Structures are given as C-alpha cells and as structure tokens.
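The form predicted on its own is given below as one chain in structure tokens.
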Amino acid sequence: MTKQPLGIGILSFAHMHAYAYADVLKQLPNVRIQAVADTDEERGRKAQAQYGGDFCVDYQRLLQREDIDAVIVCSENARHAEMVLAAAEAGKHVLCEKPIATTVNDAQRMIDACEQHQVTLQIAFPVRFSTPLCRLKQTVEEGRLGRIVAIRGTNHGQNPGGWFVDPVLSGGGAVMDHTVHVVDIMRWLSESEVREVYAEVDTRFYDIETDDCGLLMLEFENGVFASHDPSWSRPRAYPTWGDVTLEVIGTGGVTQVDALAQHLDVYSDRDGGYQHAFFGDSMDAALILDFVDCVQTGRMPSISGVDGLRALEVALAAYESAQSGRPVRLR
C-alpha cells in the first residue's frame, strides 16, 4: 500500500522564516503543502502561487480540512496563541515559530491545549540543528570542556521592520526576537534553567517603538553564569541577516562557536564585489525534517512547548528587569 503524503498547512507568511520552511517542504517527497492561509491576501496568494496548494484568508477554514495533518504557524507573534489553540482543537500537529507567544499565560495555554488534544507542539529553534552547535553539544556531553562555568552569546541582526517593530504585534523588539534563540541553546548546553535575569534594554539604532539592543546577565540554577548580547545592529549592507555566536568556558577548556561560520568570502569584480557564500548544512531543513519525523512516528518533539516557554520567560524577565533596574528572580 502506498503511504499517503503528510498534508501540511501554513498559517501566515508574516514571518520570513515561512518561506525557508516552505522551500524545504516543497522538496520532500513524502510531504505536500495542501493549503496556505494569510490575512494579507496579496502576500498569501503570492506564496500559494510559489509553493502550491489552496489559499484561504481565514485560517479556520484551513483547519477544517481532513487532508491536513499538521500546520506551521508563522504569523505575527501576538497571533501565535490563537492559531495554535485552534489547531490543537482541530487535531492538527503544530510547528510554531518563535517566540512561542508574547505572554507566559498564552504559552502555557498552548502547551496545555496540545497535550489535551494529543497533538505535537514543536517550537522553531533551528539553531539547535546547526552543525557547529551540534558539535559543541557533543563536545560538552563528552566532558571535553569539563564543567561549564560561563557562557557568552550574541545574536546581532538586521532590523526586520514591519510588524516586528509594532509592540502590540511583536511583544517586544530585538531582545524578544533574539534572546529566545540563544537562551534556548544555553539551556540545552547547560541542562539547567535560568534562575535570575538582569538586563539593560534600549533603542539606539532606529527611531522605532520597540527596543533594538540590550545586554542580559543570566544566572542558572546549576551555577553557570551567562551573558547575552541581542540587537538589530547590522546594516542593510551586511552580507547575512546577522550572527549567532557562543563562547563556552569550562573547567577543562574554552571554545568559541559561530553558527554561520560555514561560508566563503568571495570577492569578484564580475559578480558585483563581495559575496557571502554559505556552504554549510541548512538549519531550517533539519528543523523541518525533525518536525515531520515527530508527526509521522509519534515521538516527542526535540524542542517542546516547554522549551519555548522557558526561553520566553527569560526574554520577558529581561524587559521587567530593565524597567525596574533590578534583577528578576524566575525560580
């Protein structure tokens, strides 16, 4: 008997990562993009023309279709909760773009609903699948760095503009956008939870309503100290969207990792000057393959809703700390 392809629906192309995910899905022989839903009809119809399937403005209509097994939510951050809750009630497995939500309460409701309806909830933290970061995780697990003492992380990117700088839709600026990625990696490496957060948050690069830079100091329950430097400080001329770097200090050694280091610097008069030629493995492809495998095999997701919640807690604590001028205790 021929195995039916996994039917996928994409709820919104508001987040640019939706295009990367759809590019991967389109190449998988055992997966089919059945439908696209987007309140921005022009954007949605363009995506449908590019990736196939049907189009509808109302995502609730998409969720009613029996040929859709799972959905990928790439809407504005503030709409994640309503879409995931509706998907869970409809019995659809979910890959949700980060951050999981804009409030802790919404994140917990999403986790509870997916558990109640017995559907997968995976959070889109593709950096976990970066080859350099996977090698770092292996190095830590093998004990080659000894006991981790401290971690320093950065995530500097370009200002995405649009709804990302609308605090109602985004829930925060660069600190919200970039903290969750790196904190998730720090939790993954240290196998511990953040206990306390102190942060400075500001708007220095753009005339916008949200923050565009910050600096976080973190204390983990197992004694690890960490710093994180998130910002939208990269200019438009920068060859990539940004960076993700980590320096891990252990009792047995120190290592530095750049998640985007697998590239060549190409200088050519013929091709318009400088090119950043990436040759490494695709984090997005590995994330999508992992999600598809979770749905098809029924195994637990590699990156759970709780992982998304814990990362969100740290980002929100950073804003609270910056406003009060004091450290915020999480647990």
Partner chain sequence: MSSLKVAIIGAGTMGWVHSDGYRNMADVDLVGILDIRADAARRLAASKDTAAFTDMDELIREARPDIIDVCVPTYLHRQVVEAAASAGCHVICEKPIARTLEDARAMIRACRAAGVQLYIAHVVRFFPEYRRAHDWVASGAAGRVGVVRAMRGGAFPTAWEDWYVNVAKSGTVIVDSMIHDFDFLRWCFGEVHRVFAKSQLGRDLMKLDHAFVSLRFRNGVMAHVEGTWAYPKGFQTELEIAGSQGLLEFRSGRAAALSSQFRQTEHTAAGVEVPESPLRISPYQRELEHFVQCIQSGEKPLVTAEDALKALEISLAALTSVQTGAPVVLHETAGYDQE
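Positions refer to the first chain, counted from 1. Values in this document were obtained by computation on a predicted structure and should not be read as measured data.
Heads up, the form predicted together with the partner chain isn't pictured, but that's what we're talking about next.
> My question is simply whether residue 90 lines the interface with the partner chain in the predicted bound form - judged by any non-hydrogen atom within 4.5 Å.
Although the partner chain is absent here, residue 90 would stay clear of it in the predicted bound form, with no heavy atoms inside 4.5 Å.
> Report whether the minimum heavy atom distance between residue 238 and the partner chain in the predicted bound form is within 4.5 Å.
Within the cut-off, so yes.
> Find out whether any non-hydrogen atom of residue 168 is located within 4.5 angstroms of the partner chain in the predicted bound form, and reply yes or no.
The answer is no: residue 168 has no heavy atom within 4.5 Å of the partner chain.
> Although the partner chain is absent from this view, report whether residue 176 comes within 4.5 Å of it in the predicted bound form, heavy atoms only.
Residue 176: no contact with the partner chain in the predicted bound form.
> Hey, of 121-129, 226-234, 82-90, 69-77, which bit sits against the partner chain in the predicted bound form at 4.5 Å between non-hydrogen atoms?
Contact-bearing stretch, as computed: 226-234.
> Sort through 138, 116, 103, 256 and report the residue having a heavy atom within 4.5 Å of the partner chain in the predicted bound form.
Of the candidates 138, 116, 103, 256, 256 is the one lying within 4.5 Å of the partner chain in the predicted bound form.
> Name the residue from 208, 260, 111, 150 that puts a heavy atom within 4.5 Å of the partner chain in the predicted bound form.
None of the others qualify; the residue that does is 150.
> Please determine whether each residue of 4, 37 and 54 possesses a non-hydrogen atom within 4.5 angstroms of the partner chain in the predicted bound form.
Verified in the predicted bound form; spot residues all out of contact, no.
> What residues of 178-198, in sequence order, lie within 4.5 Å of the partner chain in the predicted bound form by heavy atom?
Read in sequence order, the residues that approach the partner chain (within 4.5 Å, in the predicted bound form) are 196, 198.
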